[in-house]
Structure formats: C-alpha cells, structure tokens
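Just one chain is shown here, as structure tokens, and it is the form predicted alone.
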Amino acid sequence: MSKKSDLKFMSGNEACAEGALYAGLTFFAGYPITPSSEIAEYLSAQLPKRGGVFIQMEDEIASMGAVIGASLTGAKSMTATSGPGFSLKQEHIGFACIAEVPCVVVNVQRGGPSTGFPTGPSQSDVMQARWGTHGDHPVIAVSPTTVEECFTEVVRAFNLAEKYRNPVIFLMDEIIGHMREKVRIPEPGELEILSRPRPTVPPEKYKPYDESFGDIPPMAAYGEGYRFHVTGLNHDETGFPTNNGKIIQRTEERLLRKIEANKEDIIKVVDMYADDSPEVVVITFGATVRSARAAVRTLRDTGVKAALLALYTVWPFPETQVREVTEKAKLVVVPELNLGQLIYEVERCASADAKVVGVNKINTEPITPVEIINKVKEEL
C-alpha cells in the first residue's frame, strides 16, 4: 500500500516536471507555449530551490541551443514545447544528434499545422519526431498514456538520453498534459537513474568521439579540465570537421547502430491478450491507449478475440512486436489523433494477411472507445 504522503493529485505536465527532477534534471531552458507551459511554470519554481537553473529564453531556437550547451557542461537538461516550437527546434535537435549530446525534448502535442488549435489534443507530430530534422539521424521517442507514466516514463527518457548520448523526444499530448490523476511519487533510489559514460583517460588523451570505446564513446564535461571541439559538421574522433568520406560514413553508421543495435533495451510496449492469438489487434500510443484499452475489453466481452499493443516507445518503431502480435490477425486497427501517420509504419510491419485500417480524428475531441468498436464491427 502506498503511504498517503507518497500520493499526489497532479496534471500530466506537473508529473512530467516532477519526474524530470527525480531523474536529476539541473537545467531547463524554454519558451512558453500552450499546452506545455505548466512544465516551465512548475520548474521555474522548483529548480532554483534544488540548486538547478531555469531560464526562459527569447525563443524556442535559443532554448534548444541553451539545453545543448548546458548538457555539454555535464548537466542533465530538458526543454518543453508544443508543435510550432518543436518545428523551430529541429535544426538544433539535429546538432544534438550528430554531436551526441544527451537531452530531453518534451513535446506536448496540439492541433496543427502552423499555430493550429493551441488548446486541443493531437498526435500529429509522430512523424516529425522521427524525421523532423534533416539527414540520417538516430531518434528515440517515448510516449506516456497516464499522468503517473508522465513521471516514470520521463525518468526512462532521461536514462535513455544519458545511456546512448542522444536527444530523446518525450511525446505527450494535450489530453495527458492537462489531465489530473493520482500519482505515486517513488522514494529516492526506487527507480534506477543512469548517467552518461564518463572518460577514464586523462584530459590530454581524451577524444570525444573515440570509437575504440565502442558505439557510445565516454563524454567529458566542460569545466572539468577537458578541452574538446563540438560541431554540427561531420567530424573525426577529435571532434574537428573532416571531409574524409570513409570517416563520415563510418561515424554516421555508428550513430544509427548505437540505437538500432539496442532496440531490446530501448523499445517498450505493453500488450493485452496478445498471447490469445487475436483476430483483431488495436495498435496505438499516448492518450488514445486509454480508449483502445476500454474498446478491447468491450470487444472481448462480446466474443471478439481482440488484443491491444500500446507503444510506449514510438521510435525506434517496434517492428518485431507489431509483426508478432499481428501474425494471426485478420484486422489491425490504428487509432490516432491525426489523419494517418503511425498507420504507415504498422502497415509496413504487420502480417501481410491482416487488413490495416485507421480511426482518425482531428476535430479537437479525443477518440472514444465506441468509435474504435464501431470501426471493428464495420470491418469484420
């Protein structure tokens, strides 16, 4: 049983901020934007009390630059935004990818494109999270389905960022961000907290991208006696730019490999009734998982062998898990608060014998269990 002192009634945005603090956040830079502003508001009050730094920058571009700079000094750093701000951050996210700078970027999604509908829910940034910045680059994107998971999953996001020296997108949505639920705050030490690998060589022998240490080189912090070069250009193991094609290809392949080769550690999915050889599989993420869960239970009560695959890691996409759960399915339903994005990945990975259909909605309202149930009945 949880102690009453462990329980709090919080919004998803507040739980995200509290989880970041639990994970060791010491630096936040951001710019107010609905529906993520409560994260900045919460941290503006709490970070200074805990010895951290909060700064409101002049815009989203500068915010992301500040987050990268803080991380290079050894700080666990984060920013929070929504769709329009997420678009502005993309060039710096690419910089963090090629420079291998760990950080967490929270995107509380809202309707779009452009300014769109600031106070309405959306899941339309799922492809932007993967392909928003140019070039071949590694991406990790994590998505919670409850307020309490905003706490626990942002801790996981920080751990992944630190472990793999990579930016991690924390893909929330307005529903989860503004919903209030009971949250149990773990005791210190209850959840594992990871930190980036540190160098074991003296400063004069340190190379920031030394591949002899493996796909994830140790990372020194500015201010601790280590001097090294950081650039958004293709670089060699010293961090200085190179035009050597072999080095460029080898390095970019390593950047992708450090994520692709560790999918088992990075990918997290939760399935319901997947061992029951389902004929209908519902696959979704974020707040829509809540409606899908209710829909699957109702379908099973009426005799339909239905299952749910909830994606807590959206990127890298859980290809193996989708393939396995749809192996004997006749119908795969992909509900998402957009006009069809995740469904293309599901189609690519699902059993060839399964029909894949979407339930899509962008009218500022969430997808309901009834809408998912009706789609299943319509297609069976």
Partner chain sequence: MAFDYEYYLRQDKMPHIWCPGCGLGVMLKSMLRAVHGMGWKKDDVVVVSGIGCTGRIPGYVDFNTLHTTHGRALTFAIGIKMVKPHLNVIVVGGDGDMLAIGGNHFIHAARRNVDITAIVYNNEIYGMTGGQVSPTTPHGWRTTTTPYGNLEPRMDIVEIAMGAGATFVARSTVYHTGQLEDYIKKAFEHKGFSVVEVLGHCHTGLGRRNKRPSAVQNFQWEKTVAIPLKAMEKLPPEKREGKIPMGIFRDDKEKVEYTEIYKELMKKAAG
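Quantities reported herein were computed from a predicted structural model and do not represent experimental measurements. Numbering follows the first chain given and starts at 1.
The form predicted in complex with the partner chain exists for this protein as well; it is not shown, and the discussion that follows is about that form.
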* Structure fact -> Here the chain appears without its partner; judged in the predicted bound form, the stretch of 177-185, 274-282, 88-96, 159-167 with heavy atoms within 4.5 Å of the partner chain is 88-96
* Contact between Gly69 and the partner chain in the predicted bound form at 4.5 Å, heavy atoms? -> yes
* Asked: Does at least one non-hydrogen atom of Ile61 fall within 4.5 angstroms of the partner chain in the predicted bound form?
  -> yes
* Is there a heavy atom of Gly52 lying 4.5 Å or less from a heavy atom of the partner chain in the predicted bound form? -> yes
* To do: Examine Asp210 and determine whether its closest non-hydrogen atom to the partner chain in the predicted bound form is within 4.5 angstroms.
  => no
* Asked: Looking in the predicted bound form, is the partner chain within 4.5 Å of a heavy atom from each of Gln56, Glu224 and Phe228?
  -> yes
* Structure fact -> The listed residue (Thr298, Ser195, Gln249, Thr73) that reaches within 4.5 Å of the partner chain in the predicted bound form by any heavy atom is Thr73
* Using heavy atoms only and a 4.5 Å cut-off, determine which of Leu233, Ala294, Met127, Ala261 is in contact with the partner chain in the predicted bound form. => Leu233
